[in-house]
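As structure tokens, one chain now follows by itself in the form predicted on its own.
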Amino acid sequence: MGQADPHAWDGILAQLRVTNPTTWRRWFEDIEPLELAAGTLKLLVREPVQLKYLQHRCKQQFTEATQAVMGLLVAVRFVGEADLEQPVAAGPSDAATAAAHYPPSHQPQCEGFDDEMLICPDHLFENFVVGPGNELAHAAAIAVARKPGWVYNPFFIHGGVGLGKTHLLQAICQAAMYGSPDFRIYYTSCDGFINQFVGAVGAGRMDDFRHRYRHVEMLVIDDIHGLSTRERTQEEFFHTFNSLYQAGKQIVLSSDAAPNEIPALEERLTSRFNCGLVAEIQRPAFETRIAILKTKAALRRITLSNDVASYLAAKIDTNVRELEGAITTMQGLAAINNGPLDLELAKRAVGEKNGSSDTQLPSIQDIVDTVTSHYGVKLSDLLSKRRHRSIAMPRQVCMWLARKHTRYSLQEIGGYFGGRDHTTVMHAVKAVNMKRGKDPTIDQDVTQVEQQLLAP
């Protein structure tokens, strides 16, 4: 490459995007190739959070892509501005990007992070999709990041697996870091706290352990429910909590359960966790899941159509990780087949998981496919809030067929069709039966759709 050949670097990024679609992120385009010397390609990463993430998670992928494009046995080295003898001037786009996200006069401090608990650069507030089930947690997290130690201390987030707790914790860390140049944060998991405590006890280094956790401006611990049943560790964390709280330092915790529901947690810890703000994150609604899918896709610089996003959001209603996993699977299939990210690919990526045991019964997706084809409507319209007759009738027929030919409950059917409640499904069933009884044309139409659905 010599002195940073931009064409070769573009080729490396393109190769990385094809061979490692799950790794590639749009902010990789902000990386600046500096020089190729002594068999090492030096890459400048200006954002410290991104730098540390790349150093720990992406070195092998970048090295393989570089070797494939250049045909040379080359190693890759990520460096920050502090590693350079003379700072490299940022281009206009880099400056604009930095100004849009962080105060230009502040440099983040990353020394307080446990290497095993890396901050994901994607986990920013701007990438967190807000919906009815998480708006309180999101608003409180922003307030904590802006004025740590002053509002909502401690701040306790709880909810099921994969709903965005870690995203909010890491967003708090990044926003707080960029908000103050000298702000000291320690972010780790509960397992990290436990392992370090056990190691410190065994090595007789408790003073070092306590200094690490008690001399910070903000302590952030993920999955604090891991303290359950560990009496000695709870004792130590109790004193750590008191030390920080009495000094006015911010404490941020996450858990799969609310403080009162963590088994075998000492009452004195439960009361302290409850003395601040406890915010629950619930499963995302249908519209929120669509927004999450599009946001996750945009981070990889790919676009999902409304039909694809609606299909995936309807099929996956559990958590954000499964939604992201669906995008990853689609990327892999698209790379193998060199095809578009269309609805057919989405169906292949997700598949019908309930067909093995009930092969004689149509799935809800079978019903949706039949109805959308018969009435000529879009899936995104069918699952939307639109009430126009051209959409409402096909939607009601879907619910009527689902109630008649599947074993799903009213609530499950309503959840599939845009997060509607069971009363909406009951109304749809009654409405279709009534219309069939009054209008022979509608009766014939519904019968035809049903025959198409059940045809072998």
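Quick note: we count residues from 1 along the sequence shown, nothing fancier. Not measured: the values here are computed from a predicted model.
Keep in mind that the form predicted in complex with adenosine-5'-diphosphate (ADP) is not shown, yet the notes after this line are about it.
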item	value
In the predicted bound form, the residue from Arg321, Arg268, Arg77, Arg301 that sits within 4.5 Å of adenosine-5'-diphosphate (ADP) by heavy atoms	Arg321
In the predicted bound form, the one of Gly179, Gly332, Gly149, Gly162 near adenosine-5'-diphosphate (ADP) [non-hydrogen atom within 4.5 angstroms]	Gly162
4.5 angstroms heavy atom contact with adenosine-5'-diphosphate (ADP) in the predicted bound form for Ile292	yes
Distance check, Gln365 to adenosine-5'-diphosphate (ADP) in the predicted bound form, heavy atom within 4.5 Å	no
Heavy atom of Phe128 within 4.5 Å of adenosine-5'-diphosphate (ADP) in the predicted bound form	yes
Contact test in the predicted bound form: Arg272 vs adenosine-5'-diphosphate (ADP), heavy atoms, 4.5 Å	no
Interface segment, criterion being heavy atoms within 4.5 Å of adenosine-5'-diphosphate (ADP) in the predicted bound form, picked from 303 to 311, 154 to 162, 334 to 342, 208 to 216	154 to 162
